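Presented as structure tokens, the chain that follows is alone, the form predicted on its own.
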């Protein structure tokens, strides 16, 4: 498989999972002033200076001297690249270019072979045809085929005369990819530049509109759904996979030890396989665990779900790997008795001291041995049994105490059932937020906050027969 061709714009290459497919002809369209010429030249400049791939810029309107001067604003010395035979800026009429491209061993092909050219930008493809007649369409098709025959990765720039219209033109069908640049209103007084990849054969893309700026170094694109990374996390912190491939990808490998994540779920959503997979992976990684038994399920349910993931929960209990907090006095599976800490008789004032007495010595001794701990905390149960004021008073303290000893937390909560102020408080307290909800006939999952600053689009949850029993699409 051929390696992708880097665009020279890091954010765009991220959206393309590495770059343009080698040999692709990509339509770049936008209104005047959106930066099409800058994008095209940045593509060629990066190829020449970084990848040592020669390129040709074909223009039908601007003289080379004007382009040289304009690009110096970004520090791009195109004349020097021409001296090194890594770039040609050619001003030519559409008719002559088409004639030379159609001619075997014509001028175009001679220049390509002489330079060992790998990249081409045509500015603008709009002038290659007069209208929608059959001959004009045929010309665009011929150009695409010639570029493909010569294994050239090309950008075909196209002017949009009416930015409000997003009609599908013949070029859209012929091109291997389509990138749309736009200027949009932003916060009433401002305008923002956005880039959207609407088509790209041969590679996966990250969909959506992504904001870019034209800086003194060229185009700088920031992928949507990205935020500031939490630099406070050490790079040597261990990461344990969740067992759900797409979620692990979004979380850069999994959930980092010592972090706190909220799993926000509405009343219709089935979160058991998500939580079951995360919990099983922590046990399989050799961590010791504490989990709060939800009001709507029992330890018998937990035992069954862990068995689905290949974990014998009774064995984990017997090895001192699993402890449980329960606000309700109810039966537990045989052998679990010593691992269950009953909280139904413990008052709010005694709560923390009681847990310190029960779990403090176990956790401290284990941490001295270098063992890691993972906790599942059911905040829905805490709200119902202890009340909102208790949660707001002690939740941040509990999270900070847990992180201080390197304990990893997953906190279950239903934001829809609490007020906005409390929801915001909980989000601020944690390193990450994973949301899952049901809308109509489908369940979705979205990462809305993570230590790495990455957010995701809403992903569909699909049921599958094998572990982890769900797949994110």
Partner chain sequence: MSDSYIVPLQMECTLFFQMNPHAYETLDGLALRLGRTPEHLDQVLQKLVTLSILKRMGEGERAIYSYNQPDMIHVS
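Positions refer to the first chain, counted from 1. Everything quoted here is computed from the prediction, not taken from an experiment.
This next part talks about the form predicted in complex with the partner chain, which is not shown.
- Put simply, residue 424 is far from the partner chain in the model of the complex: not one heavy atom of it is within 4.5 Å.
- The closest non-hydrogen atom of residue 415 lies beyond 4.5 Å of the partner chain in the model of the complex.
- Though the partner is left out of this view, residue 88 does reach within 4.5 Å of the partner chain in the model of the complex, counting heavy atoms only.
- Under a 4.5 angstroms non-hydrogen atom cutoff, the partner chain in the model of the complex has residue 63 among its neighbouring residues.
- Here the chain stands alone, but in the model of the complex its contact with the partner chain, taken as any heavy atom within 4.5 Å, falls in 74 to 82 among 300 to 308, 74 to 82, 365 to 373, 390 to 398.
- When contacts are defined as a non-hydrogen atom within 4.5 Å, none of 346, 355 and 357 contacts the partner chain in the model of the complex.
- Checked against the partner chain in the model of the complex, the residues 222, 296, 92, 245 give one hit for a heavy atom within 4.5 Å, which is 92.
- Contact with the partner chain in the model of the complex, judged by any heavy atom within 4.5 Å, is made by just one of 285, 205, 107, 102: 107.
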